[in-house]
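The chain that follows stands alone, in the form predicted on its own, written as structure tokens.
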Amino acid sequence: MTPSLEQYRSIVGDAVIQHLMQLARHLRGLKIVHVNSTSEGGGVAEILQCLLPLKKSLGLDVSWEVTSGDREFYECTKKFHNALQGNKVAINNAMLSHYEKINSINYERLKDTLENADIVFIHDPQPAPLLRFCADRKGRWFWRCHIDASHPYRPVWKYLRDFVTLYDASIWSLPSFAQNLPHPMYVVPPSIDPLSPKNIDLDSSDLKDVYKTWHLDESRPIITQISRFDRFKDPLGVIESYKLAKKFSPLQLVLAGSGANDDPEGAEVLEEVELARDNDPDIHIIVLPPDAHRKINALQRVSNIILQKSLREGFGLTVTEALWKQKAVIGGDTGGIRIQVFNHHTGFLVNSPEGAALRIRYLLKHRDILENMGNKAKEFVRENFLITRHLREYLTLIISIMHNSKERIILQA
């Protein structure tokens, strides 16, 4: 059952709820549309699954459209993703033409909805060209980039920039990610929903089922990374960190995640992870369906330490989820992890498997520090990274763009 806005009052306070209602009154009657490339799997879909019901509970007319594509299309957009995160990738003209053709087909299917919307949010590169086809648009369009584009591979960014400059505004997760564009640019970090199945409190039976289902030993520490099987998440580096730390302390490692419809590389990376496991019975590689939210919740809660040893990271919602569950996080010193993990306060930032292993050993040896970090972590998320803050900033920027604000507005948590 989808939570109502009133259910968040006890978590965030009366003032936050009243402010949301105040903002929403200015937007009633507008048609708002979100467009992305997948309905499940990955952080964008998860955020939209939570955000849209809350907008509707405020009386807003909001809808969510999902574009489609074939394997060649998703191979191209995966290259875009890797290139925006700094990899040098070759994308030939035939692949780019196919990318534009698929977007043209998607536009024809969504034409009536997009042309008649007052506000359109287009998420990430997959549907970025849709605006170019919309000659008779009625409303204002935002391009929302969830990727760490701080140091993109320039030839690819130059190609995508031609589509993105057409938008009325763009939204980025961190100021450092934003590229120079000739329109207002907003900064809105992502968020989690504390009342979603992935974040609600669980009873002891849920936790016991996790131990039983995946043959985990309750008597030994568990370190866990939950993410897509993606090279930028560095699962091989996580395995190396575990092997180094295990020399000094008995450990179990959980690598759990699901695939996404728009990520064709997942199966290949999973094979590499299985090979690196090298038949170690204490490395548990768990492939979950995209809707296994309660299982992910339980895995995080039974873990002593959560890792997110990413090499590049747009934000890292799994970090936010872990912090909310009062877990210290050892994360890669990159992207959105940097604004969530603070050394000696909510966890540790690391740059190598050796560094991660050292911090694992330290936290397992100093359990009082581990507990104190967890307590700080939950309050930090409550103040900065819950869905109600995210919703407030989206409503605020819509009001800004509808009133033709000439200023560049930086909205920070």
Ligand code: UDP
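Throughout, we count residues from 1 along the sequence that is shown. Here the structure is a predicted model, which means the values were calculated and not measured.
The form predicted together with uridine-5'-diphosphate exists for this protein as well; it is not shown, and the discussion that follows is about that form.
Student: Look at the stretches 86 to 94, 131 to 139, 162 to 170, 225 to 233 and give the one with heavy atoms within 4.5 Å of uridine-5'-diphosphate in the predicted complex.
Tutor: Looking at the other structure, the answer is 225 to 233.
Student: Just one of 316, 127, 194, 332 has a heavy atom within 4.5 Å of uridine-5'-diphosphate in the predicted complex. Which one?
Tutor: Selected option: 316.
Student: Just to be sure I understand the contacts: of 189, 184, 290, 152, which is the one whose heavy atoms reach within 4.5 angstroms of uridine-5'-diphosphate in the predicted complex?
Tutor: That would be 290.
Student: Please determine whether residue 43 contacts uridine-5'-diphosphate in the predicted complex, using a 4.5 Å cut-off between heavy atoms.
Tutor: It does: once uridine-5'-diphosphate is placed as it appears in the predicted complex, residue 43 has a heavy atom within 4.5 Å of it.
Student: Heavy atom to heavy atom, is residue 198 within 4.5 Å of uridine-5'-diphosphate in the predicted complex?
Tutor: Because a heavy atom of residue 198 falls inside 4.5 Å of uridine-5'-diphosphate in the predicted complex, the answer is yes.
Student: Within 4.5 Å, heavy atoms only: does residue 321 come near uridine-5'-diphosphate in the predicted complex?
Tutor: Residue-level check for residue 321: yes, a contact with uridine-5'-diphosphate.
Student: Given that the partner is absent here, does residue 304 sit within 4.5 Å of uridine-5'-diphosphate in the predicted complex, heavy atoms only?
Tutor: The answer is no: residue 304 has no heavy atom within 4.5 Å of uridine-5'-diphosphate.
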